[in-house]
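Encoded as structure tokens, the following chain is the form predicted on its own, with no partner shown.
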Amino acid sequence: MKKQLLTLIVALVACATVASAQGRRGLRINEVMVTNDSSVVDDYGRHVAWIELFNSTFAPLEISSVYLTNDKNQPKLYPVPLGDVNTEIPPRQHVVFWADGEPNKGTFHTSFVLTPGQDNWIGIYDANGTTLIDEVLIPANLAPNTTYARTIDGEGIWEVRDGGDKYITPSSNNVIVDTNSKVDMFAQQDKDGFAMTIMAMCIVFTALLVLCLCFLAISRIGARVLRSNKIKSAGMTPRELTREEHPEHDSGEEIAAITMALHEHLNAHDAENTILTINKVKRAYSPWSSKIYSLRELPHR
């Protein structure tokens, strides 16, 4: 029994390890800035180079066991520390590492720096230090305050972004949708809003028509059930009666006549008493709240 339990635990640990490794393969280098003179600042208010990573999976991704490096000969150059809750990247989200060479400043400050004016290779290695998860080669001619980024988060080709038409997006999506094509098209085709007004009115009146049909159908069903109950109370079946013989709704005159007949027969009218009785109601008297003991009373002489 103990051997079976131990085997099960080992199998579960192995499955968890494999699943974690498979998940970390969805980690991607998404955007890099080598020379930062006037762009974003780190948590100390400084302009330093930065590396954005992206979780391309649809599940949270723990990256505290991976390595960041800019040297192929030293794959374990910067191990992402354990114990920081911020190292778990939510699904399809980003995290930024500051390449300032000062890991003592926090989890997201690497032990290496990026050198302007030359090619910079950046790689991510798995926990074993040998499996390369992702890599990118930053060109040497990258101007200051520009980034080298993917066209689409986690995939696509790499391009240079200068902050103009192509936004610089640390900790954000590389594709920023600031317009709605359908809304723009509708605004071009219907500048005065007549089509939208007609469409809205058609939707409202259609809903009212459907509601009326529902009420009509419910009333028809209720009338049919009522006629069926009348036929059954007479000891007959609907098949025994022709369509002309089927009872209809009782009219208002019939209902009034039946009510008056019952009233006269049962003499169920109200008998009113002509004697008026007045009862005196005693109320609880509390001396402490009486006005005769209040301070507003004039003093006696």
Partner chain sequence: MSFSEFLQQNLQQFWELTGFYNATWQHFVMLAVGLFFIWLAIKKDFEPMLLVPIGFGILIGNIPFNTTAGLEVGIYEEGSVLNILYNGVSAGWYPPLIFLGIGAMTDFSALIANPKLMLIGAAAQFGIFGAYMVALLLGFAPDQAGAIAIIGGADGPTAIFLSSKLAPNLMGAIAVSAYSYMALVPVIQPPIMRLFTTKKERLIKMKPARAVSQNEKIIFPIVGMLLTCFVVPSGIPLLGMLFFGNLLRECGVTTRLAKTASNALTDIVTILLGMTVGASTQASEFLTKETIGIFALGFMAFIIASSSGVLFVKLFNLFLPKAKKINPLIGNAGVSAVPMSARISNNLGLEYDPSNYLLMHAMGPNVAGVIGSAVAAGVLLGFLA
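Positions refer to the first chain, counted from 1. Take the two forms, superpose them, and find the largest set of C-alpha atoms that agree within 1.5 Å; that set is the rigid core. All figures in this text were calculated on a predicted structure; none of them were measured in a lab.
There is also a form predicted in complex with its partner chain; it is not shown, and the following applies to it.
Spot the stretch among 137 to 145, 84 to 92, 217 to 225, 159 to 167 with residues whose non-hydrogen atoms come within 4.5 Å of its partner chain in the predicted bound form.
-> Careful reading of the contacts points to 217 to 225.
In the predicted bound form, does G117 have a heavy atom within 4.5 Å of its partner chain?
-> Outside the cut-off, so no.
With the partner left out of view, is D71 within 4.5 angstroms of its partner chain in the predicted bound form by any non-hydrogen atom?
-> Taking the distances in the predicted bound form, the answer for D71 is no, it never comes within 4.5 Å of its partner chain.
Hey, in the predicted bound form, does D192 get a heavy atom within 4.5 angstroms of its partner chain?
-> Residue-level check for D192: yes, a contact with its partner chain.
Is W121 a contact residue for its partner chain in the predicted bound form, using a 4.5 Å heavy atom cut-off?
-> Heavy-atom contact with its partner chain at 4.5 Å: absent for W121.
Heavy atom within 4.5 Å of its partner chain in the predicted bound form: which residues of 203 to 228 qualify?
-> Counting only heavy atoms within 4.5 Å of its partner chain in the predicted bound form, the contacting residues of 203 to 228 are I203, V204, F205, A207, L208, L209, V210, L211, C212, C214, F215, L216, I218, S219.
Look at K72 and decide if its Cα position differs by 2 Å or more between this form and the one not shown after superposing on the rigid core.
-> After core superposition, the C-alpha of K72 moves less than 2 Å between this form and the one not shown.
Compare the position of the CA of G156 between this form and the one not shown after a rigid core fit and state whether the shift reaches 2 Å.
-> No; G156 is a residue whose C-alpha shifts by less than 2 Å between this form and the one not shown when the cores are overlaid.
C-alpha of Q189 moved at least 2 Å between this form and the one not shown on rigid core = Shift at Q189: 2 Å or more after core fit.
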